[in-house]
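Single chain ahead, written as structure tokens, the form predicted alone.
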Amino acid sequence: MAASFRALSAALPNQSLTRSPPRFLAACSLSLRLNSVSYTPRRGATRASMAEIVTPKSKGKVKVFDTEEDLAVSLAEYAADLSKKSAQRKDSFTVVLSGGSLVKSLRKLLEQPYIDSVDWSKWHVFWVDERVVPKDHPDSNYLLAYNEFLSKVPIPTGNVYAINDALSAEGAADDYETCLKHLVKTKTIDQSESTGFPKFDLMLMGMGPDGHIASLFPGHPLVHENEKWVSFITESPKPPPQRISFTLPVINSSANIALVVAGAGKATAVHIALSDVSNSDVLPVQLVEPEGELSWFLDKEAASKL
């Protein structure tokens, strides 16, 4: 196990924050902590225009916003509130990101009042899936998150857990799972009492037009993996072909899942997932049934067929 952690560390040397992008230390080792930042009430925060709806197949809250901007405002408040509650009861707030437009939807956290009130020192950041490419590659979810979010908030570098991109897809998946198991053992990540899988505080995910989540694609055997924590794919129907992905049991063991979906191109998949319609081919997004709470953040275009 120790060799695996050293491999992660060696693959991600510390670099100055002035470089673009720095390689965050993605190793299961003791991380530097920042001083705690107190949370202050959100005075004068922008309020989003939103309607909460009930759908036949809804297993959680479904919020529909007039614009993607309103969605981003509400998402920031939601994430900040969960961060505050977590900081009051434990020493870590574990957050899982996906790629695509999701990271851009977090942009309001970079503004007041959140940038100065969120206790960023307790955030531990993971990826629900990642493309097995170098971290400075345009397809890297890490690079997207760094450019849009991580470079702009004071999360300790040792609290950001990227994959070891020097390994094969299978090796990177195994290495990431080993890291997660260590963090569960040291109680950085909670563990589900009912499933034994890691229980992340907040999983933020987008959805593809085909209803895929993470790198779990419709009709692919990986959707049915129920033992591994992290698996891999070498023939992804969406490029690049090699990826690692959290499995569905890990996703569903989360304390909170936010599905963030915007755009008319995803309206059909949203309709299938949330409406009482028959569909012979179950979409991966339809299998999201978390142990905790599920919240949908939709703009009106994505919700147009509900």
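The shown structure was predicted, so the numbers you read here are calculated from the model rather than taken from an experiment. Just count from 1 along the sequence shown to find any residue number.
Here the subject shifts to the form predicted together with a small molecule, a form of this protein not shown in this document.
Visitor: Scan S92, N141, T178, S83 and let me know which has any heavy atom within 4.5 Å of the small molecule in the predicted bound form.
Guide: Spelling it out, the residue with a heavy atom inside the cut-off is N141.
Visitor: Of A76, I213, V230, M203, which one comes within 4.5 Å of the small molecule in the predicted bound form, counting heavy atoms only?
Guide: Looking at the other structure, the residue within range turns out to be I213.
Visitor: Is there a heavy atom of G158 no more than 4.5 Å from a heavy atom of the small molecule in the predicted bound form?
Guide: Close contact is absent here: in the predicted bound form, G158 is far from the small molecule, nothing within 4.5 Å, heavy atoms only.
Visitor: Consider S101 of the chain shown here, and say whether it contacts the small molecule in the predicted bound form, taking contact as heavy atoms within 4.5 Å.
Guide: S101 belongs to the contact set for the small molecule.
Visitor: Can you tell me if L71 lies within 4.5 angstroms of the small molecule in the predicted bound form, counting non-hydrogen atoms only?
Guide: Flag for L71 set to no.
Visitor: Is the gap between M207 and the small molecule in the predicted bound form 4.5 Å or less for some heavy atom pair?
Guide: Yes, M207 lies within 4.5 Å of the small molecule in the predicted bound form.
Visitor: Only one of these stretches, 146-154, 128-136, 109-117, 192-200, has heavy atoms within 4.5 Å of the small molecule in the predicted bound form; which one is it?
Guide: Contact criterion met by 128-136 only.
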